[in-house]
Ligand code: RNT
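Coming up is one lone chain in C-alpha coordinates, specifically the form predicted on its own.
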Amino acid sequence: MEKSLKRASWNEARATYEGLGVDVEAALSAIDAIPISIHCWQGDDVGGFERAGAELSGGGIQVTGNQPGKARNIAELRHDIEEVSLLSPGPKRLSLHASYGEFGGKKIDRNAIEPAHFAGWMDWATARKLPLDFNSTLFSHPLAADGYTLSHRSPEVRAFWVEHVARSRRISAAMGKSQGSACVHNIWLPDGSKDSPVDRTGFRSRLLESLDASMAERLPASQVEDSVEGKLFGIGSESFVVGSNDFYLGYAATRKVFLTLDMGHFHPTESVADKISAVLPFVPGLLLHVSRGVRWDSDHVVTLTDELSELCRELARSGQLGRIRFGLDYFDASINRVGAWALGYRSARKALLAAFLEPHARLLAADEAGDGFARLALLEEAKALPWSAVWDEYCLRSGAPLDSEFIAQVAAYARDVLSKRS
(Lines give C-alpha, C1' and ligand atoms only; values in the text may rest on other atoms or scores of the structure.)
Protein backbone atom coordinates (compact mmCIF):
# COMPACT_ATOMS: atom_id res chain seq x y z
CA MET A 1 0.00 0.00 0.00
CA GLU A 2 2.75 2.44 1.00
CA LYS A 3 4.73 1.81 -2.18
CA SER A 4 1.68 2.34 -4.40
CA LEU A 5 1.11 5.68 -2.67
CA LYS A 6 4.76 6.52 -3.26
CA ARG A 7 4.31 5.78 -6.96
CA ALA A 8 1.31 8.13 -7.13
CA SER A 9 3.33 10.86 -5.42
CA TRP A 10 6.14 10.23 -7.90
CA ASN A 11 3.84 10.76 -10.88
CA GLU A 12 2.55 14.02 -9.39
CA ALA A 13 6.09 15.20 -8.63
CA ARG A 14 7.26 14.42 -12.14
CA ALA A 15 4.39 16.46 -13.59
CA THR A 16 5.24 19.38 -11.28
CA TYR A 17 8.88 19.35 -12.38
CA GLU A 18 7.96 19.05 -16.04
CA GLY A 19 5.88 22.22 -15.64
CA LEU A 20 9.11 23.97 -14.63
CA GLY A 21 11.05 22.56 -17.54
CA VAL A 22 12.90 19.95 -15.48
CA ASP A 23 13.51 16.51 -16.99
CA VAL A 24 13.31 14.25 -13.93
CA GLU A 25 14.63 11.17 -15.70
CA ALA A 26 17.64 13.17 -16.86
CA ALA A 27 18.23 14.26 -13.26
CA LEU A 28 18.10 10.66 -12.07
CA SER A 29 20.54 9.63 -14.78
CA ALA A 30 22.86 12.50 -13.82
CA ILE A 31 23.16 11.50 -10.18
CA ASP A 32 23.61 7.87 -11.19
CA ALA A 33 26.75 8.99 -13.02
CA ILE A 34 28.25 10.33 -9.78
CA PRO A 35 29.73 7.64 -7.52
CA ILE A 36 30.10 8.56 -3.85
CA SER A 37 33.26 7.18 -2.27
CA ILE A 38 32.33 5.81 1.14
CA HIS A 39 35.11 5.82 3.71
CA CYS A 40 36.25 2.65 5.43
CA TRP A 41 37.23 4.36 8.70
CA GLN A 42 33.69 5.03 9.97
CA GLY A 43 33.37 1.30 10.66
CA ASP A 44 36.23 0.91 13.14
CA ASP A 45 36.90 4.43 14.48
CA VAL A 46 39.97 5.01 12.25
CA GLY A 47 41.88 2.22 13.97
CA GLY A 48 43.04 0.20 11.00
CA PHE A 49 44.42 -3.33 11.13
CA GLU A 50 48.18 -3.01 11.27
CA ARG A 51 48.11 -4.78 14.63
CA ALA A 52 45.49 -6.32 16.91
CA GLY A 53 43.49 -3.78 18.85
CA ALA A 54 44.88 -0.84 16.87
CA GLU A 55 43.26 2.50 17.69
CA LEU A 56 43.51 6.03 16.41
CA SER A 57 46.27 7.98 18.13
CA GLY A 58 47.50 11.48 17.46
CA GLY A 59 47.45 13.33 14.21
CA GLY A 60 45.04 16.13 15.03
CA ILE A 61 41.87 14.01 14.70
CA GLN A 62 39.68 12.41 17.32
CA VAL A 63 36.81 9.91 17.44
CA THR A 64 34.27 10.29 20.22
CA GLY A 65 31.94 7.67 21.65
CA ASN A 66 32.09 3.95 22.37
CA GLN A 67 28.99 2.44 20.81
CA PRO A 68 29.07 -1.40 20.85
CA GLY A 69 29.54 -3.26 17.59
CA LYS A 70 32.75 -1.81 16.18
CA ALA A 71 34.33 -3.88 13.42
CA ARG A 72 37.21 -5.81 14.99
CA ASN A 73 38.76 -7.22 11.85
CA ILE A 74 38.68 -6.86 8.08
CA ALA A 75 35.99 -9.52 7.62
CA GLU A 76 33.63 -7.67 9.94
CA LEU A 77 34.43 -4.34 8.34
CA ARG A 78 33.67 -5.73 4.88
CA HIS A 79 30.40 -7.18 6.13
CA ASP A 80 29.42 -3.78 7.50
CA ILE A 81 30.38 -2.07 4.22
CA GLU A 82 28.17 -4.52 2.34
CA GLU A 83 25.26 -3.60 4.63
CA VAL A 84 25.90 0.11 4.10
CA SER A 85 25.81 -0.55 0.35
CA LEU A 86 22.42 -2.24 0.66
CA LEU A 87 21.10 0.73 2.64
CA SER A 88 22.41 3.28 0.15
CA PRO A 89 21.07 3.85 -3.38
CA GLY A 90 23.28 4.79 -6.28
CA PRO A 91 26.85 4.02 -7.42
CA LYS A 92 29.61 3.81 -4.83
CA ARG A 93 33.34 3.57 -4.43
CA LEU A 94 35.29 2.66 -1.30
CA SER A 95 38.07 4.80 0.13
CA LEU A 96 40.74 2.86 2.05
CA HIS A 97 43.54 4.11 4.30
CA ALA A 98 46.96 2.51 4.06
CA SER A 99 46.58 1.22 7.63
CA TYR A 100 43.79 -1.15 6.49
CA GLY A 101 46.00 -3.63 4.62
CA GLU A 102 46.00 -7.38 5.19
CA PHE A 103 49.36 -7.95 6.84
CA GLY A 104 48.86 -11.54 8.01
CA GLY A 105 49.79 -10.77 11.61
CA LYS A 106 53.26 -9.60 10.56
CA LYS A 107 54.70 -6.22 11.46
CA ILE A 108 54.89 -4.43 8.12
CA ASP A 109 55.91 -0.84 8.65
CA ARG A 110 54.41 1.83 6.46
CA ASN A 111 57.55 2.30 4.41
CA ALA A 112 57.30 -1.35 3.34
CA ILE A 113 53.66 -1.72 2.27
CA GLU A 114 53.03 -3.24 -1.15
CA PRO A 115 50.09 -3.90 -3.50
CA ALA A 116 50.09 -7.53 -2.29
CA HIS A 117 48.89 -6.33 1.13
CA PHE A 118 45.74 -5.01 -0.57
CA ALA A 119 45.17 -7.81 -3.07
CA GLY A 120 42.35 -9.19 -0.92
CA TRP A 121 40.64 -5.80 -0.95
CA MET A 122 41.00 -5.60 -4.73
CA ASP A 123 39.50 -9.06 -5.25
CA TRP A 124 36.64 -8.35 -2.84
CA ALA A 125 35.92 -4.95 -4.40
CA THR A 126 36.01 -6.31 -7.95
CA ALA A 127 33.50 -9.01 -7.08
CA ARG A 128 31.15 -6.33 -5.72
CA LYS A 129 31.77 -3.79 -8.49
CA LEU A 130 33.03 -1.34 -5.89
CA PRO A 131 36.04 0.62 -7.23
CA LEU A 132 38.67 1.59 -4.67
CA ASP A 133 40.27 4.89 -3.68
CA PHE A 134 43.27 5.17 -1.37
CA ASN A 135 44.85 7.37 1.31
CA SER A 136 48.36 7.53 2.68
CA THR A 137 48.20 7.17 6.48
CA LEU A 138 50.43 9.80 8.07
CA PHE A 139 49.15 9.57 11.65
CA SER A 140 48.84 7.03 14.50
CA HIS A 141 52.51 6.08 14.22
CA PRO A 142 55.57 6.59 16.45
CA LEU A 143 57.25 8.67 13.73
CA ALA A 144 54.27 11.06 13.73
CA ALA A 145 54.01 11.33 17.51
CA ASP A 146 55.48 14.84 17.68
CA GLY A 147 53.05 16.17 15.08
CA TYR A 148 55.33 16.25 12.03
CA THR A 149 55.88 13.86 9.12
CA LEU A 150 56.84 15.08 5.63
CA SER A 151 57.96 18.44 7.04
CA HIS A 152 59.89 16.97 9.97
CA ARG A 153 63.27 18.47 10.81
CA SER A 154 64.84 15.00 10.79
CA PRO A 155 65.91 13.82 7.30
CA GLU A 156 65.46 10.21 8.43
CA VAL A 157 61.85 10.78 9.49
CA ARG A 158 61.07 12.62 6.28
CA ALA A 159 62.62 9.82 4.24
CA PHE A 160 60.41 7.27 6.01
CA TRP A 161 57.24 9.18 5.13
CA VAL A 162 58.36 9.96 1.59
CA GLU A 163 58.76 6.23 1.01
CA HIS A 164 55.34 5.59 2.55
CA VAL A 165 53.62 8.03 0.21
CA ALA A 166 55.54 6.73 -2.81
CA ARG A 167 54.44 3.19 -1.99
CA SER A 168 50.85 4.32 -1.41
CA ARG A 169 50.87 5.79 -4.90
CA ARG A 170 52.05 2.48 -6.37
CA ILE A 171 49.31 0.65 -4.47
CA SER A 172 46.78 3.16 -5.84
CA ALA A 173 48.06 2.55 -9.36
CA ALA A 174 47.70 -1.21 -8.88
CA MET A 175 44.12 -0.68 -7.71
CA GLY A 176 43.36 1.56 -10.68
CA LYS A 177 44.79 -0.97 -13.12
CA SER A 178 42.88 -3.83 -11.48
CA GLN A 179 39.51 -2.07 -11.52
CA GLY A 180 39.84 -0.28 -14.86
CA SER A 181 39.26 3.20 -13.41
CA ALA A 182 41.63 5.65 -11.78
CA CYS A 183 42.10 5.29 -8.03
CA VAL A 184 42.09 8.65 -6.25
CA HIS A 185 45.09 8.81 -3.91
CA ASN A 186 44.62 11.46 -1.24
CA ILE A 187 47.42 12.94 0.90
CA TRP A 188 46.55 14.56 4.20
CA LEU A 189 49.12 15.03 6.94
CA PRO A 190 48.81 16.40 10.49
CA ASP A 191 51.96 18.55 10.47
CA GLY A 192 51.62 21.67 12.59
CA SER A 193 51.96 23.06 16.09
CA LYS A 194 49.87 24.29 18.97
CA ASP A 195 51.69 27.63 19.04
CA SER A 196 53.27 29.50 16.14
CA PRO A 197 56.82 28.46 15.19
CA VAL A 198 59.42 30.99 14.17
CA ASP A 199 60.52 29.15 11.05
CA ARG A 200 57.32 28.63 9.05
CA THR A 201 59.36 28.87 5.86
CA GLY A 202 61.55 25.95 6.89
CA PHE A 203 58.62 23.63 7.52
CA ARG A 204 56.94 24.49 4.24
CA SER A 205 60.15 24.22 2.27
CA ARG A 206 60.70 20.73 3.66
CA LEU A 207 57.09 19.74 2.90
CA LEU A 208 57.47 20.96 -0.68
CA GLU A 209 60.68 18.97 -1.13
CA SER A 210 59.16 15.84 0.43
CA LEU A 211 56.01 15.97 -1.67
CA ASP A 212 58.04 16.35 -4.85
CA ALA A 213 60.22 13.39 -3.85
CA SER A 214 57.24 11.18 -2.98
CA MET A 215 55.54 11.95 -6.31
CA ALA A 216 58.64 11.83 -8.48
CA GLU A 217 57.66 8.50 -10.03
CA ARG A 218 55.42 9.10 -13.03
CA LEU A 219 52.36 6.87 -12.87
CA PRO A 220 49.58 6.62 -15.49
CA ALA A 221 46.75 9.12 -14.94
CA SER A 222 44.37 6.35 -16.01
CA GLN A 223 45.42 4.42 -12.90
CA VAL A 224 45.99 7.00 -10.15
CA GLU A 225 44.85 10.56 -9.48
CA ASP A 226 46.92 12.22 -6.75
CA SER A 227 45.22 14.82 -4.55
CA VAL A 228 46.49 17.01 -1.69
CA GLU A 229 44.32 18.13 1.22
CA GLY A 230 44.78 21.28 3.26
CA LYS A 231 43.37 22.25 6.63
CA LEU A 232 42.80 25.39 8.68
CA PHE A 233 43.74 23.85 12.04
CA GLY A 234 43.66 20.61 13.99
CA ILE A 235 43.91 19.30 17.54
CA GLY A 236 47.45 20.19 18.57
CA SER A 237 47.92 22.35 15.48
CA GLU A 238 45.64 25.23 16.38
CA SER A 239 48.13 27.98 15.50
CA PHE A 240 50.06 26.54 12.56
CA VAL A 241 49.31 23.96 9.88
CA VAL A 242 52.13 23.35 7.43
CA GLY A 243 49.83 22.06 4.68
CA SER A 244 47.36 24.93 4.62
CA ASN A 245 44.87 25.40 1.80
CA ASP A 246 47.01 28.22 0.36
CA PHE A 247 50.05 25.94 0.28
CA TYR A 248 48.22 23.08 -1.40
CA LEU A 249 46.40 25.30 -3.87
CA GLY A 250 49.78 26.47 -5.13
CA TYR A 251 51.13 22.95 -5.10
CA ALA A 252 48.19 21.47 -7.00
CA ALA A 253 48.24 24.24 -9.59
CA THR A 254 51.99 23.99 -10.27
CA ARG A 255 52.37 20.19 -9.99
CA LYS A 256 49.12 19.44 -11.82
CA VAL A 257 47.52 17.25 -9.16
CA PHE A 258 44.02 17.30 -7.73
CA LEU A 259 43.12 19.55 -4.80
CA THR A 260 40.99 18.17 -1.96
CA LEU A 261 38.41 20.50 -0.45
CA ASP A 262 37.12 19.14 2.87
CA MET A 263 33.97 20.85 4.16
CA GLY A 264 35.34 20.84 7.70
CA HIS A 265 38.76 22.26 6.91
CA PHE A 266 37.90 25.93 6.51
CA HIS A 267 36.67 28.80 8.63
CA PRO A 268 32.94 28.33 9.43
CA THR A 269 32.06 31.45 7.41
CA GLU A 270 33.86 30.23 4.27
CA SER A 271 31.83 28.62 1.50
CA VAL A 272 33.38 25.50 0.03
CA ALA A 273 30.77 25.69 -2.76
CA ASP A 274 32.20 29.05 -3.83
CA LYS A 275 35.69 27.55 -4.10
CA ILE A 276 34.74 25.09 -6.86
CA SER A 277 34.56 27.62 -9.69
CA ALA A 278 37.46 29.61 -8.22
CA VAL A 279 39.87 26.68 -8.17
CA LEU A 280 38.92 24.47 -11.13
CA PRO A 281 40.51 26.74 -13.78
CA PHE A 282 43.93 26.13 -12.24
CA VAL A 283 44.00 22.44 -11.22
CA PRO A 284 43.32 19.17 -13.08
CA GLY A 285 40.43 18.34 -10.76
CA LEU A 286 38.91 18.45 -7.30
CA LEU A 287 38.23 15.86 -4.63
CA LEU A 288 35.35 16.96 -2.40
CA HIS A 289 35.38 15.53 1.12
CA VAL A 290 31.88 15.80 2.49
CA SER A 291 31.81 16.21 6.24
CA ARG A 292 29.96 18.30 8.84
CA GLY A 293 31.85 20.44 11.28
CA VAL A 294 30.19 21.70 14.44
CA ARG A 295 32.18 24.72 15.66
CA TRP A 296 35.36 22.99 14.47
CA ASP A 297 36.43 20.19 12.14
CA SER A 298 34.61 17.62 14.24
CA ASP A 299 33.69 15.25 11.39
CA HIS A 300 30.04 14.89 12.41
CA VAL A 301 27.79 12.57 10.39
CA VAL A 302 26.69 14.31 7.21
CA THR A 303 23.15 15.69 7.24
CA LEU A 304 21.16 17.66 4.69
CA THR A 305 22.46 21.07 5.72
CA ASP A 306 22.36 24.31 3.77
CA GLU A 307 26.13 24.02 3.26
CA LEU A 308 25.85 20.55 1.73
CA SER A 309 22.91 21.59 -0.45
CA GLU A 310 24.81 24.61 -1.75
CA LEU A 311 27.89 22.48 -2.47
CA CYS A 312 25.85 20.03 -4.53
CA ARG A 313 24.02 22.80 -6.37
CA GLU A 314 27.34 24.32 -7.38
CA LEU A 315 28.58 20.91 -8.48
CA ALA A 316 25.46 20.41 -10.63
CA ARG A 317 25.73 23.88 -12.14
CA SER A 318 29.47 23.67 -12.83
CA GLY A 319 29.37 21.59 -15.99
CA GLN A 320 32.64 20.06 -14.75
CA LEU A 321 31.48 16.75 -13.33
CA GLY A 322 34.23 14.89 -15.17
CA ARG A 323 36.85 16.72 -13.10
CA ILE A 324 35.21 16.41 -9.68
CA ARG A 325 35.40 13.42 -7.32
CA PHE A 326 32.96 13.08 -4.42
CA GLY A 327 33.76 11.30 -1.15
CA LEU A 328 32.63 11.10 2.47
CA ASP A 329 34.79 11.79 5.52
CA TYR A 330 33.32 11.58 9.01
CA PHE A 331 33.47 9.25 12.00
CA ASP A 332 31.12 8.93 14.94
CA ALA A 333 31.23 6.19 17.56
CA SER A 334 28.53 7.73 19.75
CA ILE A 335 25.70 6.23 17.65
CA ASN A 336 25.19 3.10 15.57
CA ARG A 337 28.17 3.18 13.22
CA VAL A 338 26.51 1.43 10.29
CA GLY A 339 23.42 3.62 10.58
CA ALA A 340 25.58 6.75 10.75
CA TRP A 341 27.56 5.58 7.73
CA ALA A 342 24.47 5.02 5.58
CA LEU A 343 22.64 8.10 6.87
CA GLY A 344 25.51 10.35 5.81
CA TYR A 345 25.63 8.71 2.40
CA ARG A 346 21.88 9.05 1.91
CA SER A 347 22.00 12.72 2.92
CA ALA A 348 24.75 13.38 0.38
CA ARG A 349 22.83 11.55 -2.35
CA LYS A 350 19.66 13.50 -1.49
CA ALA A 351 21.54 16.77 -1.80
CA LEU A 352 22.82 15.73 -5.22
CA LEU A 353 19.32 14.77 -6.35
CA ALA A 354 17.74 18.02 -5.19
CA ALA A 355 20.53 19.93 -6.94
CA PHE A 356 19.93 18.24 -10.30
CA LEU A 357 16.18 18.81 -9.97
CA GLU A 358 16.69 22.55 -9.80
CA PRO A 359 14.93 24.46 -12.65
CA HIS A 360 18.35 25.33 -14.02
CA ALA A 361 17.28 26.71 -17.40
CA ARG A 362 14.81 29.16 -15.87
CA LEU A 363 17.28 30.20 -13.20
CA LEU A 364 20.00 30.77 -15.77
CA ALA A 365 17.62 32.83 -17.93
CA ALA A 366 16.75 35.05 -14.97
CA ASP A 367 20.44 35.37 -14.15
CA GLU A 368 21.38 36.37 -17.68
CA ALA A 369 18.48 38.84 -17.86
CA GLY A 370 19.70 40.49 -14.69
CA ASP A 371 16.36 39.75 -13.01
CA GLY A 372 17.52 39.29 -9.44
CA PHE A 373 13.98 39.06 -8.09
CA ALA A 374 12.92 36.24 -10.43
CA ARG A 375 16.11 34.36 -9.68
CA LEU A 376 15.60 34.66 -5.92
CA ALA A 377 11.92 33.72 -6.15
CA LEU A 378 12.72 30.64 -8.25
CA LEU A 379 15.40 29.54 -5.78
CA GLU A 380 12.88 29.84 -2.95
CA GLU A 381 10.26 27.93 -4.93
CA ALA A 382 12.75 25.16 -5.61
CA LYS A 383 13.19 24.57 -1.87
CA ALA A 384 9.57 23.46 -1.57
CA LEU A 385 9.38 21.34 -4.72
CA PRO A 386 8.47 17.65 -4.17
CA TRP A 387 11.99 16.25 -4.59
CA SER A 388 11.36 13.80 -1.71
CA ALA A 389 8.87 11.93 -3.91
CA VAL A 390 11.58 11.60 -6.55
CA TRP A 391 13.94 10.34 -3.85
CA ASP A 392 11.44 7.64 -2.91
CA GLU A 393 11.25 6.57 -6.55
CA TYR A 394 15.04 6.49 -6.75
CA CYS A 395 15.22 4.23 -3.67
CA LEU A 396 12.56 1.91 -5.08
CA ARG A 397 14.41 1.59 -8.39
CA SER A 398 17.70 0.99 -6.57
CA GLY A 399 16.30 -1.59 -4.17
CA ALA A 400 17.36 0.53 -1.18
CA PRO A 401 15.00 1.04 1.77
CA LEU A 402 12.67 4.01 1.81
CA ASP A 403 13.25 6.53 4.58
CA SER A 404 10.27 4.99 6.42
CA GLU A 405 12.03 1.59 6.35
CA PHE A 406 15.58 2.77 6.98
CA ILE A 407 15.63 2.90 10.81
CA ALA A 408 14.09 -0.56 11.14
CA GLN A 409 16.63 -2.11 8.76
CA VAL A 410 19.53 -0.53 10.66
CA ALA A 411 18.04 -1.78 13.94
CA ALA A 412 17.70 -5.30 12.55
CA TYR A 413 21.37 -5.37 11.53
CA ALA A 414 22.36 -4.10 14.96
CA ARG A 415 20.32 -6.85 16.60
CA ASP A 416 21.39 -9.68 14.32
CA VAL A 417 25.04 -8.75 13.73
CA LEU A 418 26.49 -5.89 15.76
CA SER A 419 25.12 -7.03 19.12
CA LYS A 420 27.02 -10.33 18.81
CA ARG A 421 30.41 -8.55 18.78
CA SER A 422 31.88 -8.39 22.25
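One rule holds for the numbers: they count along the sequence shown, beginning at 1. Remember, it's a predicted structure, so these values are computed and weren't measured experimentally.
Same protein, other form: the form predicted in complex with the ligand, not shown, and the subject of what follows.
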item	value
Residue stretch of 194-202, 325-333, 105-113, 158-166 approaching the ligand in the model of the complex, non-hydrogen atom distance within 4.5 Å	325-333
Heavy atom of residue 299 within 4.5 Å of the ligand in the model of the complex	yes
Interface membership of residue 229, the ligand in the model of the complex, 4.5 Å heavy atom rule	yes
Close approach of residue 262 to the ligand in the model of the complex, 4.5 Å, heavy atom	yes
Distance check, residue 210 to the ligand in the model of the complex, heavy atom within 4.5 Å	no
Single option in 251, 188, 118, 258 placed near the ligand in the model of the complex, where near means a heavy atom within 4.5 Å	188
The unique member of 61, 353, 36, 389 whose heavy atoms fall within 4.5 Å of the ligand in the model of the complex	61
Candidate site 46, 139 and 289: all three near the ligand in the model of the complex by heavy atom within 4.5 Å	yes
